[in-house]
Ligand SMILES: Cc1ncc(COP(=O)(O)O)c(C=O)c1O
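In the block that follows, a single chain appears as structure tokens, in the form predicted on its own.
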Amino acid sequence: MQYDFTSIIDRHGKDSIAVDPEMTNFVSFAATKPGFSRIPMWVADMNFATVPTVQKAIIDRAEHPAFGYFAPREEYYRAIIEWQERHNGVKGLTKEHIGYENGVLGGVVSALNVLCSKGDHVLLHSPTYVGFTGCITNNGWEIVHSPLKLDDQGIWRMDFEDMEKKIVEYKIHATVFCSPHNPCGRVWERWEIERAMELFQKYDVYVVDDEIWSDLILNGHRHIPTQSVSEDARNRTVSLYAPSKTFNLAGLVGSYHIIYNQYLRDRIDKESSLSHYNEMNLLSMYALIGAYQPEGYEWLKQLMCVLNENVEYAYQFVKTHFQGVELARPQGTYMLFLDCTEWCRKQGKTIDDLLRAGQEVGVLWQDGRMFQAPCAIRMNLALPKSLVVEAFDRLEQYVFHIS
């Protein structure tokens, strides 16, 4: 079956902060000038209809009129186990290793509550996903950033020497690892993960591993689950997943962890239960089951063709038309991260000037400063290509064009 990734869905009035950001106090955008429609390119959800089996699974269940207390179905666990095996080559995963989390960030907090004391330092790479910054600092831990570096081929790399220096200096015993990396779009190679895990083993650093983007890998790259690189990594790592990025289900809420180490698993399960709120939503469970069907595998295959085309178009457009804007070619995710430092310097503009100019012509892009990047912009490319083309045409004509 051919799925529709070209129709423009009207999301206004349908509870979407992507197109109606006034609904949240998380961000504020400049007013869009008359005559320009809004193109949502900031928050990381997709402007595509999800795979129809998600809606069918939810609707079929909703036709039954009782929604009382429940336990996760065996189909839920089977769907996750098969998905992990087919996509990531995971072997030996069982129901016992899988636990529910209300969201990946909630899972991060539960894991760090087990691994850290309040006031402890936690290692993260920068640029840093803003959600990590919020949930870690709000819960009383201190973030130590180890900046990623662009090599001479324009690929983001971990600075292992800097990581080791900071682990020792700050007596760090927990890290949050993002694989693939958001916002840089980096898909780590096996040797990189192995070297990082050897460093974490050396200093007894436990790993909270966000792999929510692991299904969205662009051409020529392959996701390596962190837990798969060694036996120590398998037992040192709490890995967090969700179908939300893959199938556009963030509003339904529902993630899961994979923890092989029974000692960690028992303690984190207990920690997650203490709020008496970290309980699976019935319809969220059916959404995951509906997504992880044969139709979902085919839908994702077609989606990745669209994302590959969008990313390549955007990357080449920036390289060709936006002189002074630097970027790395994303290897995964659907996010583009623009370093605008040189462009702003040459034009005598601030990053606020640049953000405002784009937003005024309807390009709702995101301030990179909240990702620990002082003059950067994050852009979501999970839209019909016609909107991607329209957005970059507007940016060229009204924002980056200097007469």
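Please read all numbers here as calculations on a predicted model, not as lab measurements. All residue numbers refer to positions in the sequence shown, first residue = 1.
A second form of this protein, the form predicted together with the ligand, is not displayed here; the remarks below concern that form.
Colleague: Based on heavy atom distances of at most 4.5 Å to the ligand in the predicted bound form, which listed stretch, 310 to 318, 176 to 184, 67 to 75, 293 to 301, is the contact stretch?
Modeller: Contact-bearing stretch, as computed: 176 to 184.
Colleague: Report the residue, out of 223, 245, 125, 236, that has at least one non-hydrogen atom within 4.5 angstroms of the ligand in the predicted bound form.
Modeller: Residue within 4.5 Å of the partner: 245.
Colleague: To verify the annotation, which of these, 83, 286, 141, 132, has a non-hydrogen atom within 4.5 Å of the ligand in the predicted bound form?
Modeller: Comparing distances to the ligand in the predicted bound form, the residue within 4.5 Å is 132.
Colleague: With a 4.5 Å heavy atom cut-off, would you call residue 105 a contact of the ligand in the predicted bound form?
Modeller: Output for residue 105 is yes: heavy atoms within 4.5 Å of the ligand.
Colleague: When the contact criterion is heavy atoms within 4.5 Å, does residue 255 count as touching the ligand in the predicted bound form?
Modeller: Yes - in the predicted bound form, heavy atoms of residue 255 and the ligand come within 4.5 Å of each other.
Colleague: Using a 4.5 angstroms cut-off on non-hydrogen atoms, would residue 44 count as touching the ligand in the predicted bound form?
Modeller: Taking the distances in the predicted bound form, the answer for residue 44 is yes, it comes within 4.5 Å of the ligand.
Colleague: With the partner left out of view, is residue 172 within 4.5 angstroms of the ligand in the predicted bound form by any non-hydrogen atom?
Modeller: Answer no; every heavy atom of residue 172 is more than 4.5 Å from the ligand in the predicted bound form.
Colleague: Across 203 to 217, which residues bring a heavy atom to within 4.5 Å of the ligand in the predicted bound form?
Modeller: Residues within 4.5 Å: 210, 212, 213.
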